[in-house]
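In structure tokens, one chain follows: the form predicted alone.
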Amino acid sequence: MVKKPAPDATRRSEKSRRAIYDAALALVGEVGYPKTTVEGIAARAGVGKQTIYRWWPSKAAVLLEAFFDLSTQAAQEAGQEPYVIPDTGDLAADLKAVLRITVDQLLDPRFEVPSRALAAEGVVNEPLGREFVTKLLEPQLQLYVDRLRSAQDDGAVRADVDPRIALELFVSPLAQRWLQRTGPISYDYTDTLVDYALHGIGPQTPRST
């Protein structure tokens, strides 16, 4: 009698984890953060509540990890290594490439709907907003800092420029336009942001007299 192979626990765990990610992002987009519960996530994912608590301490932790995973998937689909800003020696091209991927994410309903729900909650729920910024946003912004510092070493950005402030010249306008819907976001828009920003922080050409 041939024995059936034992179930692959690793595969089963990964399938459950993926279902939990999907359920958490879907629920927060549909009902908002306050009404999203661990019980609701578990029911939608088809797992027990204790399965979630075995891996995460709270619904916030689930959502943060789900967002990280979603961003990684989007980067991979775009052919970009996740959470890496390329350094080809052409700062403008590198920043434009990354911001175009960001535009794709922001316009993707899979990302946009739960992102808006969490962004809105983060305004009134300070602990959640702080955790979202600290664990998800700041590590991404640090990559821009690192790329701008590399550009300073190459002479493409002035040495007196603060990279943490400089990155806000192109990141913050995009975030504001998307969050407040003050205008459309597109590749042309982010390309223009980069051009304007680099004009201000790049080496200054001495004026002829």
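In case it trips you up, residue 1 is the first one in the sequence shown, and so on. What you see is a predicted model; the values in this text were computed from it and never measured.
The form predicted together with a further copy of the same chain is left out here; the points below concern that form.
*Go through L107, L137, A93, V84 and name the one with a heavy atom inside 4.5 Å of a further copy of the same chain in the predicted complex.*
So the residue touching a further copy of the same chain in the predicted complex, by this definition, is L137.
*Have a look at A61, L143, A43, A175 for me and say which one sits with a heavy atom within 4.5 Å of a further copy of the same chain in the predicted complex.*
Filtering the options by heavy-atom distance leaves A175.
_Residues R164, A197 and G202 all lining a further copy of the same chain in the predicted complex, heavy atom within 4.5 Å_ = Yes, all three are in contact.
_Given that a further copy of the same chain is not shown alongside this chain, does A19 nevertheless sit within 4.5 Å of it in the predicted complex, heavy atom to heavy atom?_
A19 lies outside the contact set for a further copy of the same chain.
*Contact between D154 and a further copy of the same chain in the predicted complex at 4.5 Å, heavy atoms?*
Yes, D154 is a contact residue.
*May I ask you to state whether I52 is within 4.5 Å of a further copy of the same chain in the predicted complex, using heavy atom distances?*
Residue-level check for I52: no, no contact with a further copy of the same chain.
*Is the gap between T37 and a further copy of the same chain in the predicted complex 4.5 Å or less for some heavy atom pair?*
No.
*Judged by heavy atom distances of 4.5 Å or less, which residues of 173-194 approach a further copy of the same chain in the predicted complex?*
Going through 173-194 in order - heavy atoms within 4.5 Å of a further copy of the same chain in the predicted complex - the hits are P173, A175, Q176, R177, L179, Q180, R181, T182, Y189, T192, L193.
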